[in-house]
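Just so you know, structure 1 and structure 2 below are the same protein chain in two forms, each on its own as structure tokens.
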Structure 1
Amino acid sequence: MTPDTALPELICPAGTPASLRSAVDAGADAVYCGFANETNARNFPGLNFGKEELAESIQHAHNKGAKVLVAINTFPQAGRTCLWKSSVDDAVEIGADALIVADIGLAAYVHRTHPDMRLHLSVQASASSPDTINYYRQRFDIKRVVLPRVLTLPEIAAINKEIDCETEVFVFGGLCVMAEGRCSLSSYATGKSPNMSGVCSPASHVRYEQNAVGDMTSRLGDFVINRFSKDEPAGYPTICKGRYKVDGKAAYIFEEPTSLNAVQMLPDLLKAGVTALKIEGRQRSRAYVAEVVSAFREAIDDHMGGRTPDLQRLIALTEGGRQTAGAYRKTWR
């Protein structure tokens, strides 16, 4: 591999102040995180930041030369928009480098109230065409769009030729059913919407039941999501990664438990005009964050320095030890 493009920005997850410090220390150019409320799409107990915690974390990141991007990327609920607006105001006040938003009304609020604040369009907005992206750019001065994980490399390259803003893509971590920002499966089972409440498969609705021989059944609300033999690791029950019977055969009909790993495609992504590479995992441990960020930092630096990156280091961190290139090498239509 030989470098022929500008150095990409490495965008890394942080669900806690400790994870943020780990990501920055491991080489993140920027860290994305959210407040401990429904305004961000990883609204899990024990995760995220209070205002004071985030202010201190932003200062730490800035001292290390890193940026902090605050995700306010769920859709405001009718009659409760004040929570989303106050979160925007708080993020601006404590020095966030950019806001990641999905809702068009919230984008309008930021553009009108804080015109100097840098805006990124969340993957939750599902903006996958030049016309859509250009509209957000022209109307709300969006500086960057996080592209949905449904696009091939040629499609990303074609989009970049027709838009006037930066693009950011996911390169490692969990995958969602291929309809970014439009998940109704979890909300059907639990009454909690990932796109409005910010929580997919909430722990309060999860149950594990073990029978006499040691086999495990996982449930989400009233629904059986999977059954595991006693020697099989029991994964967390999310509907999209459940195993169901179809025509009498049990299979992963939506999505198999595997992780996106696009490290091998760094040269192609950069040639396609991608500005930033994003790692998923705000719900992961600080140790996981540190290891993944460090491995990607090394891979990017090796590529840009004309050296061959170590492509094996990240395999051990994929879900179940399995990886996929996702839609980047899509072979179906």
Structure 2
Amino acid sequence: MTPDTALPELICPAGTPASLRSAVDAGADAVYCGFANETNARNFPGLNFGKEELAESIQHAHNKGAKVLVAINTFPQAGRTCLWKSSVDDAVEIGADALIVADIGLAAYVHRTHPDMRLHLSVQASASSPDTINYYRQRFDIKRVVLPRVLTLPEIAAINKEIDCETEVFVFGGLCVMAEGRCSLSSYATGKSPNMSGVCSPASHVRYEQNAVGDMTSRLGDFVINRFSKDEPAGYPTICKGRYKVDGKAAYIFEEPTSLNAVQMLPDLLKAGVTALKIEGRQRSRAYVAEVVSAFREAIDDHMGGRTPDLQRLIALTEGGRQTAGAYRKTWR
């Protein structure tokens, strides 16, 4: 039986022009990406777009009927706000379809300077209540909010009943269980802020060491984050996914290395009023982007056509080789 919900928009990541083309070819409705500077939350070496590259990529996407959403979603640093404002101006000039922002001052700048520009509120704004979302909606005319990855399905449904803008939720990829945009764990360990410089666990501070038997230790700055035995699946070197000794026993005390996969919840998310489904992973390869995007395109089309989607093949791409429905089926509260 075909569902009575609207067709959702599939929002896909791109860290390079080649990834963007892969995402579009694989069936993305929209691709999100950022400039190669501190204005976006995936400011990693060798990643992201120059202005000219992004202009060409936007043209490519538009030619194929896809949109490009430009993430300018870190918080401007005092005395350096011109970088964030000029990035906004550049994105508008080259034809971005929407800007994804987190900072309240930058939202005000976009609304004031480019009133016709479509604004999305980044997950980095950590807007998780109707009052907060309505404030951004009323003051800056945001058209969509990307919801934090800590909300349950009933909470998302309840929020959607009290707001009059679109909601976008993560359905696959890395999880962040912190108050996004406000986490200081990585800053504490490295002195570099994910929220202001766009680098959570900057690679410059990450080290991996193998011992003679193949065990691997991962470090962030001066801190040992994890030790993996020879054939044990590894995870990202973030503090929140580290394994620490508590009462003499090593355990994942914040979060296990695992990826979100909400494909089974597709019908429930759409019934909850969600407009757009987002795949995380601008730092991942074009091979990952092509595989995940095509799988989700198929899943959405299957669902809308009344068929049962199957995405077990994505397990190989997940962190730690494991997946979870995350907070959508929260059992720990």
Partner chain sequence: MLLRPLPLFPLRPLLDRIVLAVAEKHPRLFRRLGEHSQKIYAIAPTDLPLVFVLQPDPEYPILEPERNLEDVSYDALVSGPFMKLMDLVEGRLDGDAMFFSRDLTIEGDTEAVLALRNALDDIDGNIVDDIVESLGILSLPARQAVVCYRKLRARASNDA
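Reference numbering: structure 1, starting with residue 1. Being a predicted model, the structure only gives us computed values, none of them experimental. We call the rigid core the largest set of C-alpha positions that still match within 1.5 Å between the two forms.
- In this comparison, the chain shown as structure 2 is the form predicted together with the partner chain.
- Annotation for Glu209: C-alpha shift of 2 angstroms or more between the two structures, rigid core superposed.
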